[in-house]
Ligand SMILES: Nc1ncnc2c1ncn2[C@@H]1O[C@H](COP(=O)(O)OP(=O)(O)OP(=O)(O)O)[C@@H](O)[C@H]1O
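This document opens with one chain alone, in structure tokens, the form predicted alone.
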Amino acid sequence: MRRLSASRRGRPLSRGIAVDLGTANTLVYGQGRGVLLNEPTVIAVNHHNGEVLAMGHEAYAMIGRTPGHIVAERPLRGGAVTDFDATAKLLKLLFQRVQGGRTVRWGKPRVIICVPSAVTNVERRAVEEAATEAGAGEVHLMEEPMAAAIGAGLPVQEPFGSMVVDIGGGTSEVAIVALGGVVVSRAVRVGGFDLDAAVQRYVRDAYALAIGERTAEELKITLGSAVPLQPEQEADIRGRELATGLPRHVTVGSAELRAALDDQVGQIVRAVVETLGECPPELTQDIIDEGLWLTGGGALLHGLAERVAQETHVTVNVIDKPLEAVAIGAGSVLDSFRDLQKVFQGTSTSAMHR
């Protein structure tokens, strides 16, 4: 984790903010207050004048439904900033909401932002600069696997190996942590959005039907699985017939959808297996004894824990609030900033990027 800037000398920072800046959702943790916001990472902008019309849930509802001059867009892809201005505007709105829409009286806040370990230095600088532009006084970047491990309650500062698999919207990251640092890590740019895209491709190819991003996500949540369901399920979906452009509905089964998702699920599982293969023998036994932990929204895919356990022969646990793990972990660091300095250093220097 790196410090970008500091507040003016002699003027204390306001209450800190921890941000899980995800491709799909952004969660904001207020120092001493817990998770305050959980919104889709979407912003709606009027391109005629640059005015921000909506963000979060309100902007998400506009996707695919706006006139030409209004664009509802996701400013991050694969955990990386693809639209700097939109990201800065989004962060500014988030900071204002957390602070009750008021100007901060005693200086700008200390901000911890969680990013995938696979992002490049250029992408990291883009996040830092966007946060500064949005009003942060001191910016630290924290890698998501470490934040997820802390949020899962794992003993990250002990001489004990803990393994976490964080499956987000744009990336999936596997890390083994011990003594406040990441010992081994692996990241693949496959996440919830890739699963949604696979659903859209399958429905288009199998049924000649075009469906939207939101419909694909709903179908994934309803029928998606990594192992066979007992019994298998079906769902009716509506879309636009490619040949005629007219609306039509079809019935899709969970077995065919599972086959459509198999490539993406397989990439995530292989990353887990390969990371275990690189784990030092002393830590492998710890993981065998305690199991590994799934976090992130992708952990909710039906049967994923069972599939990983089958492939690795290791017990797999899903934490109670997988969507909030990264934000809670970063918030815990914010609440105990001095005590967890060692974890800061570990996240910036010990991770092995692949």
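For every residue, the number given is its place in the sequence shown, counted from 1. Not measured: the values here are computed from a predicted model.
We do not show the form predicted in complex with this ligand, though everything after this point is about it.
Peer 1: Identify, from the list Gly170, Pro75, Gly161, Pro109, the residue with a heavy atom within 4.5 Å of this ligand in the model of the complex.
Peer 2: If I apply the 4.5 Å criterion carefully, the residue I get is Gly170.
Peer 1: Heavy atom within 4.5 Å of this ligand in the model of the complex: which of Val227, Ala255, Leu242, Ile221 fits that? Just give me the one.
Peer 2: Result of the distance check: Ile221.
Peer 1: Which one of these stretches, 275-283, 246-254, 191-199, 229-237, sits within 4.5 Å of this ligand in the model of the complex when only heavy atoms are counted?
Peer 2: That would be 191-199.
Peer 1: Is every one of Gly16, Gln99 and Ala136 in contact with this ligand in the model of the complex, taking contact as a heavy atom within 4.5 Å?
Peer 2: No, none of the three is in contact.
Peer 1: Using heavy atoms and a 4.5 Å limit, would one call Ile328 a contact residue for this ligand in the model of the complex?
Peer 2: Heavy-atom contact with this ligand at 4.5 Å: absent for Ile328.
Peer 1: Does this ligand get within 4.5 angstroms of any non-hydrogen atom of Ala24 in the model of the complex?
Peer 2: Contact check for Ala24: yes, within 4.5 Å of this ligand in the model of the complex.
Peer 1: Counting only non-hydrogen atoms and a 4.5 angstroms cut-off, does Gly303 reach this ligand in the model of the complex?
Peer 2: Heavy-atom contact with this ligand at 4.5 Å: absent for Gly303.
Peer 1: Are any of the heavy atoms in Gly56 no more than 4.5 Å from a heavy atom of this ligand in the model of the complex?
Peer 2: Although this ligand is absent here, Gly56 would stay clear of it in the model of the complex, with no heavy atoms inside 4.5 Å.
Peer 1: Output the sequence-ordered list of residues from 281-312 with at least one heavy atom within 4.5 Å of this ligand in the model of the complex.
Peer 2: Stretch hits, in order: Gly296, Gly297, Gly298, Leu300, Leu301.
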